[in-house]
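Heads up, the chain below is alone and in the form predicted alone; it's given as structure tokens.
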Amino acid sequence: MEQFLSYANGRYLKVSLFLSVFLSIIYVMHEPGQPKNGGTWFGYTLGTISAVLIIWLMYFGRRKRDYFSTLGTVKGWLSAHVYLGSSLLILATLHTGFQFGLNVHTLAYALMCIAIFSGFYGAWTYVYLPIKKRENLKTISAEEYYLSIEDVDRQIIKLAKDLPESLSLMINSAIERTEIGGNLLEQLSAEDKSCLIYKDELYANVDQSGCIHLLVEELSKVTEQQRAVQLKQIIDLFGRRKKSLKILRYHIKTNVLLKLWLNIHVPVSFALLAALMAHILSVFIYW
């Protein structure tokens, strides 16, 4: 399937490159008789183009939700959004004439840069992370992994019933205290923060590997054949459980990464729009 970055043989990449190079050449050749800034005729031209582009780029959020629109495809709009948005780094910088200060004009420029670079990250996530998600899940859905873990848990609990109380408590607590997800940082770390109770003591942050290790220690002390077989089966089941949990935690992490950038990109874009309006009004009022 055609990627949005290569849409129509890179049509919008070519448009943005032409626009950036063409206006950069004019900027170099332009001699306004004063330091280059946004107040010259060419500065106003660059500012107008940049402002129109920003407003048009903001409309993309509305366009991608308009399923009945005939104004091109969403993939085409996304391609244009990425490439023409990138060209703003050059156009808006030339508009400033490289003059910055503690004012609303520089604020608008800074917000624009944050919006663009967060957009770069968003483009990367949409290209790279879906591939990593498929590789991680393979041909099984996340829901099937959850069901698989539930089935393994039932088998483990059933096998643990005939074991000594201390071992049974540890095994059951390892299942009950398993944590998946958690707060934002825990989801992004994808680390196992589970804990278990072993010999009447709480072991915090003991992951499935730690549980398996403790069970192996207990297995080395077992002399009864039947109990040894049960422990081996439980260890094998915990090994399967560990693999499934690792896959699910990474799946959750990639989902968070796919959404996280929007929590920066969208609010900053609206802040940029407000700063842009203030920038334009201040120019017309005070200049």
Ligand code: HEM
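Bear in mind that the values here come from a model prediction, so they are computed numbers and not experimental data. What we label the rigid core is the largest C-alpha set whose atoms superpose within 1.5 Å from one form to the other. So that there is no doubt, residue numbering starts at 1 and follows the sequence shown.
One more form of this protein exists, namely the form predicted in complex with the ligand; it is left out here, but the text below deals with it.
Here the chain stands alone, but in the predicted bound form its contact with the ligand, taken as any heavy atom within 4.5 Å, falls in 91-99 among 139-147, 155-163, 91-99, 190-198. Residue in contact with the ligand in the predicted bound form (any heavy atom within 4.5 Å), chosen from 51, 247, 222, 257: 51. Taking the partner from elsewhere, residue 183 is found to have every heavy atom lying beyond 4.5 Å of the ligand in the predicted bound form. For residue 61, a non-hydrogen atom is located within 4.5 Å of the ligand in the predicted bound form, even though that partner is not displayed. Residue contact with the ligand in the predicted bound form: residue 167 places no heavy atom within 4.5 Å of it. Though the partner is left out of this view, residue 44 does reach within 4.5 Å of the ligand in the predicted bound form, counting heavy atoms only.
The partner is not shown here, but in the predicted bound form the stretch 251-284 reaches within 4.5 angstroms of the ligand through a heavy atom at 261, 262, 265, 266, 269, 272, 276, 279, 280, 283, 284. The Cα position of residue 48 differs by less than 2 Å between this form and the one not shown after fitting on the rigid core.
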